[in-house]
Ligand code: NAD
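Take a look at this one chain, the form predicted on its own, written out in structure tokens.
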Amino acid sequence: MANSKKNIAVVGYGGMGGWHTRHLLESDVATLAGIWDISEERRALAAERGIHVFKSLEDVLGDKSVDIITIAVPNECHMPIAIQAMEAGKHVICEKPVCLNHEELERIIEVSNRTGMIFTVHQNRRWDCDYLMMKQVYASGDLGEVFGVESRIQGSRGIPGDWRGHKEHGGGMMLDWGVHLIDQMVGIIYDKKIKKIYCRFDHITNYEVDDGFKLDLYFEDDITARIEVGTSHFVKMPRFYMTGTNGSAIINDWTENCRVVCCKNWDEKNVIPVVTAAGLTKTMAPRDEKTITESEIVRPESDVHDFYRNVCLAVDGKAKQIVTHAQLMRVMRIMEAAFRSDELGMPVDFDDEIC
């Protein structure tokens, strides 16, 4: 029934499955129908918390009251469950990454188109305040012609010791954090196509999958985007840094505001040299308030519940889904190009037209 709350079942009751259930219990557009997990221990935990536990996946799919399935299981299981759910007449929300390669994604999209069931991916990092501020800076044009954007997530605990450390399960940091940061970067640089990709993977704590990477995206009009993920960093670099012909912007940590510095007088006269180490320099002398302006963008209000609100509206035919099939395919092909670049040890061409 249109406008009624959607009944959603969560398949997988691990870390993200638990995240989904908590948010669904607070949702204004959806109700939690229950969960299913292959782990007896996790099923028991859900029951202890008063959550309905389905008897099996088939039990979930056979329940006519369930409108939407949220999939929160290891990556290699996403495609078969998604297809099975849509064939059973259920709309599907899938955790990222959508699947392991573009061929699997093509199969999912074909089933979605054929059955008319909504299929989307939980790209929740689109609601991160740091991302929203950088998106605002880029779109404003205040920095002039932007030529560089840097995005980094760095920690010091190595790759997780669960299934994320194994290739067969779709482990590694590219498929874990990379999928988020790539989605954010192409959301920031929304108006340019990618021409080349260069990536180097780290294998510091794990040799089976990457435990970090440095990914360079070369956009048209000479814009370079650097995305880094590291799990062996004890001193973090800034979360975001953007620079253009008229200024720079920086966010040191995802809890902070965005600092913006713009130039108001490029041709400063009579620059006084400064002492740096054992020498003098005019080139690297700092600017003062006579030639620059400083401002801050305050962290915006953001509500991750808007993701579920959009999906429910899309199910009722009242909105287009925010996370689209075309966007999913583009990010998937970027990740595949990154793996290919690392294997070849060189930049690879990227055809944005086929995405």
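Owing to the predicted nature of the structure, the values given are computational and were not obtained by experimental measurement. One rule holds for the numbers: they count along the sequence shown, beginning at 1.
This next part talks about the form predicted in complex with this ligand, which is not shown.
In the model of the complex, no heavy atom of I159 sits within 4.5 Å of this ligand.
Proximity of H91 to this ligand in the model of the complex: non-hydrogen atoms within 4.5 Å are absent; the residue sits far from the partner. None of the heavy atoms of D67 is located within 4.5 Å of this ligand in the model of the complex. When contacts are judged by a 4.5 Å heavy atom cut-off, D176 counts as touching this ligand in the model of the complex. Site residues Q136, I188 and K192 are none of them in contact with this ligand in the model of the complex, judged by any heavy atom within 4.5 Å. Scanning C77, V260, V111, C129 against this ligand in the model of the complex with a 4.5 Å heavy atom cut-off leaves one residue, C77. Checking A72, L105, L215, M86 for any heavy atom within 4.5 Å of this ligand in the model of the complex turns up a single hit: A72. Of the candidate stretches 264-272, 92-100, 238-246, 277-285, only 92-100 contains residues with a heavy atom within 4.5 Å of this ligand in the model of the complex. Contact residues in stretch 269-286 (any heavy atom within 4.5 Å of this ligand, taken in the model of the complex) are absent; none meets the cut-off.
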